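As structure tokens, one chain now follows by itself in the form predicted on its own.
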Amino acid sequence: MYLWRVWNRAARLCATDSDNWQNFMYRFFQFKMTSLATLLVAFCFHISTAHADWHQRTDAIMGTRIFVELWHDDAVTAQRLMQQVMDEMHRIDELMSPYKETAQLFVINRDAAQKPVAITPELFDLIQVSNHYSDLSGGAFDITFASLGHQFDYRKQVRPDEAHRKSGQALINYKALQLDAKKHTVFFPHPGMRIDLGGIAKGYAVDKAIAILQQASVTNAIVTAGGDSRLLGDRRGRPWLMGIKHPRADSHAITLPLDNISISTSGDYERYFEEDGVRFHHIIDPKKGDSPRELVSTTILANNSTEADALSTTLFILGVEKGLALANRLPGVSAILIDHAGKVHYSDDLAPPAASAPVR
């Protein structure tokens, strides 16, 4: 309508003057071409950004909730990438599950006390990485905890009697694992030994999923596996708001604005049962053969999820003093610990003025 009114007015003014009319037509043609070009640019921009949006998906894999959210300008590509993330989670679960009979970890636990078991370099490397955190923590992190841990059934509220607890604990010793780096084999020197990568496998899977997105040039995303999350970039100019679950309530105790980082939380509320007022949970102290109870929640911030996952378990076992001492000496690592009284403890780089304020 606007262009039509301009045309009518100009036609009346120039009807008796051919020069003016020709000049008008030339200028009007220029205006029309410029407007058309502008409209074409705007249209192309609309086409290129019309589908730019957040895309998300949630599946149940590895015995937990897997969540991925990413920003992409093509919905079909976004769906394909999210499927690749889920496929990778399934692949790692099929390799590292202690429950699936076809998984290599299951085969290790079944056969490694009889003969060396050959495994993939990938699984072998992760076992070695696990042993690194065992060395780092003085044995607080130990994948052979499963020698005792497998005797617990938290759903049925079953735990081993004292005799079985002691015999299972005696088998916990990551240094006893016989690893052949050339043949990629694992051997247990004692019958009854087991390993479990539950304290590191989910973080490793998150890192592998993020690598898939990075290779596809995704710059803004989150991948979560249970209590382990890794953030790629920010939330399009805003930070990701990550909540630390209240250990004793269905709410968040602390909310952190974060970007480009990994966060892992371990708690005594994930798998547990109570007996005579005592909480038995899935985290086992290798030196005591029992659930540690000084802390109820540990959260680690680190550069990758493999490290964050392993350290959140480690610090839970170490407790406040030793745990914070370890976090404070590791570059790029931050820690938030909540003790059984609800008091929050921070690593030196995070400690606010009211660091001792309890969680309520």
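All residue numbers are counted from 1 along the displayed sequence. Just so we're clear, the structure is a prediction, and the values are computed from it rather than from any experiment.
There is another form of this protein, the form predicted in complex with ligand ADP, and it is not shown here; the text below is about that form.
- Only one of 249-257, 196-204, 214-222, 155-163 lies within 4.5 Å of ligand ADP in the predicted bound form by heavy atoms, and it is 196-204.
- Although the partner is absent here, Ile283 lies within 4.5 Å of ligand ADP in the predicted bound form, judged by heavy atoms.
- Shown alone here, Ser266 lies within 4.5 Å of ligand ADP in the predicted bound form, counting heavy atoms only.
- Thr313 belongs to the set of residues with a heavy atom inside 4.5 Å of ligand ADP in the predicted bound form.
- With a 4.5 Å cutoff on heavy atoms, Arg271 counts as touching ligand ADP in the predicted bound form.
- For the candidate set Val296, Leu70, Ile317, Ala327, a heavy atom within 4.5 Å of ligand ADP in the predicted bound form is found for exactly one residue, namely Ile317.
- Checked against ligand ADP in the predicted bound form, the candidates Leu171, Ala140, Ile261, Leu126 yield a single residue with a heavy atom inside 4.5 Å, and that residue is Ala140.
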